[in-house]
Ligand SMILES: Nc1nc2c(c(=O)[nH]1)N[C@H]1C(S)=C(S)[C@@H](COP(=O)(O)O)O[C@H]1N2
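This document opens with one chain alone, in structure tokens, the form predicted alone.
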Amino acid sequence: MRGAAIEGQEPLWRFARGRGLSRRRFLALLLAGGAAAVLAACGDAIPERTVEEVPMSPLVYKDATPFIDHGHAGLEARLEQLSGPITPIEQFFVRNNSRSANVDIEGWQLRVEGDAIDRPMALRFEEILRLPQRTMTSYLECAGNHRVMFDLLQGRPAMGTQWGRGAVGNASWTGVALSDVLTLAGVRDDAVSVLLVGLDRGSPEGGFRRAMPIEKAMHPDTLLAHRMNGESLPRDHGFPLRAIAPGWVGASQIKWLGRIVVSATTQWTRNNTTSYVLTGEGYESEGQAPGRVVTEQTIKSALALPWPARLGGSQHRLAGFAHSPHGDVASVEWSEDQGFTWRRAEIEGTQVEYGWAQFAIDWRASAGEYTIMTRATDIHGNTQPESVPFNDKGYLFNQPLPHPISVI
């Protein structure tokens, strides 16, 4: 019977064997969770450093030990090490397009200019601090979080750093509303586009830059933050000032902010034409972009366990995180039979502002191989889809993840 099982799944068996799975483990996973569980377990063989590095000075200032190190692309958090609603700075993921900038605060200014501004200006740091301040909780997530799942679950690798589930974190941010800064500079009624430019070297055009529509820029909860979790913004996270745009992909939340350009026409740069755009079969062009420009994130959930996980004993309380750009998470469900039946997980605590929700599952299991899937639904009825269309650069993957678990 076991020989027949492998014979019927020969391409999958060859793939799994090439990723280091034994025949016994392949069969156990296949019986427990089907092909999805096998593909998920192939993550065992994914090297933690997923990009080739050219010898260079360290990318970041923080200790890389707690993270999955992706070399010059950044540091991925290990969800199993996160326990509270707020992600500690020392465990908050880092996604960089170049080395973290070291900005001299004494000479730093924020320039605000453009053809849709009446009063171009340059604000010093102390002037930023004199504007109305607010503190807000918001999760922040890379557009490519879960990218490796296109390969593991669909068998189609996407371009880019093969992020797992940890290019996300939840923090408290303190700063000023971007709308207050734009109003101070005399933003005009014909303003259409707001370009944020960093002081790093993350783009051929200069600093890493990305535009957002005036509606998002003028939203009262789009912040220019100078504090994170009550501390001065760390260098790796954008000191002295960065954008926080709740619910939008991390690429829109520019670090080491140095310039804002407000225009009466849509602004196009590398990061909304050749990067951060959904391209491939079925994606139509948008403006100067060859596909659909990525702005909002997607609803997601994930277990706070190693991938794959090994657990001892029989009674388990499994924790996890869920978040949606559209509103609070209303429910999280879980399945151990490939999604044929679903049960409610427990939502723990209160979801604050744009933060994530924590959930827990009470699960009893004897020794063996299992696969648990989770899916979240928000208060507006948005839920994780059964499948996600492939795009070339692997953005916005959010189908339910079959998490392989060995109980020993």
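When you see a residue number, it is the position in the sequence shown, counting from 1. Everything numeric here is computed off the predicted structure, so don't read it as measured data.
Keep in mind the form predicted together with the named molecule is missing from the figure; the text below concerns it.
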In the predicted complex, does residue 216 come within 4.5 Å of the named molecule, counting heavy atoms only?
no
Applying a 4.5 Å heavy atom distance criterion, does residue 139 contact the named molecule in the predicted complex?
no
Any chance residue 91 has a heavy atom within 4.5 Å of the named molecule in the predicted complex?
no
Is residue 198 close enough to the named molecule in the predicted complex to count, meaning some heavy atom within 4.5 Å?
yes
Just to be sure I understand the contacts: of 276, 108, 239, 283, which is the one whose heavy atoms reach within 4.5 angstroms of the named molecule in the predicted complex?
276
Answer key, the named molecule contact in the predicted complex at 4.5 Å (heavy atoms) among 321, 307, 208, 150: the residue is 208
Can you check 178-186, 79-87, 250-258, 115-123 and let me know which stretch has heavy atoms within 4.5 Å of the named molecule in the predicted complex?
250-258
Partner contacts for 171-197, taking the named molecule in the predicted complex and a 4.5 Å heavy atom cut-off:
none
